[in-house]
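Just the one chain here, laid out as structure tokens, in the form predicted on its own.
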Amino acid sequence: MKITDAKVFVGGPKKNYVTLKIMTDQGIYGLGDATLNNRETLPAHYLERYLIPNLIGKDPRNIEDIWQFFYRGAYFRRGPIAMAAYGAIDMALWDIKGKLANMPVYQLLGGKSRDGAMVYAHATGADLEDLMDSIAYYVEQGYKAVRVQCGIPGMPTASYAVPEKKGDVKNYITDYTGIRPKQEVWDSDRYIRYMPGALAEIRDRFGPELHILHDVHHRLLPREAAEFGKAVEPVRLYWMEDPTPAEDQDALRLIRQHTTTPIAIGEVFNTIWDCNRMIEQELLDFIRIAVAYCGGITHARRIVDLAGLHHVRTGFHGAPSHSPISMAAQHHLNAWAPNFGVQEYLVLGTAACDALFPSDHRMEQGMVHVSDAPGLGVDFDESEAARYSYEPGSHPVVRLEDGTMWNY
């Protein structure tokens, strides 16, 4: 069996999904996702100009060897662009192998550890009252876990993942369109004074059963994050996400010494070498890697296994920049992983997205149930893809009130 061709498609409804399709001489094809949010053309070009020419003629069943060929064979290793491209290839090869075996990928991993995987929604509001309405909406939909973000009184601009105006924010998604980034202004003191009390009010309103998650989004210094984690201990957060920038792994030790609030980190990590030390030293509770950014199923599974040895659970990244293909790859890993924790769930569940990526994966009452279709269980409609083209965009940037650049 040989790979005969591969194509890259860029575009989608409100997102520049980078979809890889690998074809074989037996008529079986596999699909992968190389979407690198707001830098989508980079992995697409890397695939087209460098990687696909080296794929042609290879046996797609040799997933491990192909992964090692691209990773070890590159003198300059790692990084989000390369790992997103390798990840797309890896997903597509697992998809092909599942179709050859007539089995869903989770069976190839060792079978299910659970019937359904808990997911969390994104609740947000321009202020606390607005946020309460958003949380209530998701609770009514059956979600057992909700991430909560809201505007901070006195903050000069809207904060991360917070709308500028009150209103219908049930499915709010930050607008990243336009190549020149929007600018947010941040004040850590205002945040630390306000947010612990807001989280306590949320707990009082929704009771002890709801899993409450909160994303600091790298905005605090280590001492500030330790103070914040200590202050919110009575709320019993499911996790405090990205309390400090992920590059400084030793910062987690200071936070760990001062609070028992669970820490989730890792959505910007690309390899096991970015997080092995913090996992082995048990400085976090949830690892937030994304299959799309860390080299696909083959490499993500290694990270999950290492995490399981050290009481660290999974919490895969699942922002709308991940197409239904990489989300499906994560669903299969979630079904298998003995140390599963929770799955972020923010894929745009629109009719247009469903038409582009048909699948039988389903979400019910806050739980994702993986499809039993062979392979990843997601297809790709090329005729639908022809409707879309690349539209440049950028994440916001953050400055302090005096103009100093800060962490997004």
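Because the structure is a prediction, the values reported are computed rather than measured. All residue numbers refer to positions in the sequence shown, first residue = 1.
From this point on, the text means the form predicted in complex with D-gluconic acid, which you will not see here.
Q: Though D-gluconic acid is not shown, can you say which of R399, R387, H395, K14 has a heavy atom within 4.5 Å of it in the model of the complex?
A: Contact residue from the list: H395.
Q: Of M118, V139, A319, V235, which one comes within 4.5 Å of D-gluconic acid in the model of the complex, counting heavy atoms only?
A: For this set of options, the contacting one is A319.
Q: Residue-level contact is defined here as any heavy atom of the residue lying within 4.5 Å of D-gluconic acid in the model of the complex; does H122 satisfy this criterion?
A: Taking the distances in the model of the complex, the answer for H122 is yes, it comes within 4.5 Å of D-gluconic acid.
Q: Is Y408 close enough to D-gluconic acid in the model of the complex to count, meaning some heavy atom within 4.5 Å?
A: Yes, Y408 lies within 4.5 Å of D-gluconic acid in the model of the complex.
Q: Although D-gluconic acid is absent from this view, report whether S371 comes within 4.5 Å of it in the model of the complex, heavy atoms only.
A: The answer is no: S371 has no heavy atom within 4.5 Å of D-gluconic acid.
Q: Looking in the model of the complex, any heavy atom of K97 within 4.5 Å of D-gluconic acid?
A: No, K97 sits far enough from D-gluconic acid in the model of the complex that none of its heavy atoms falls within 4.5 Å.
Q: Which is the contacting stretch out of 68 to 76, 204 to 212, 330 to 338, 311 to 319, given heavy atoms within 4.5 Å of D-gluconic acid in the model of the complex?
A: That would be stretch 311 to 319.
Q: For 264 to 298: residues with a non-hydrogen atom within 4.5 angstroms of D-gluconic acid in the model of the complex?
A: E267, R288, in sequence order.
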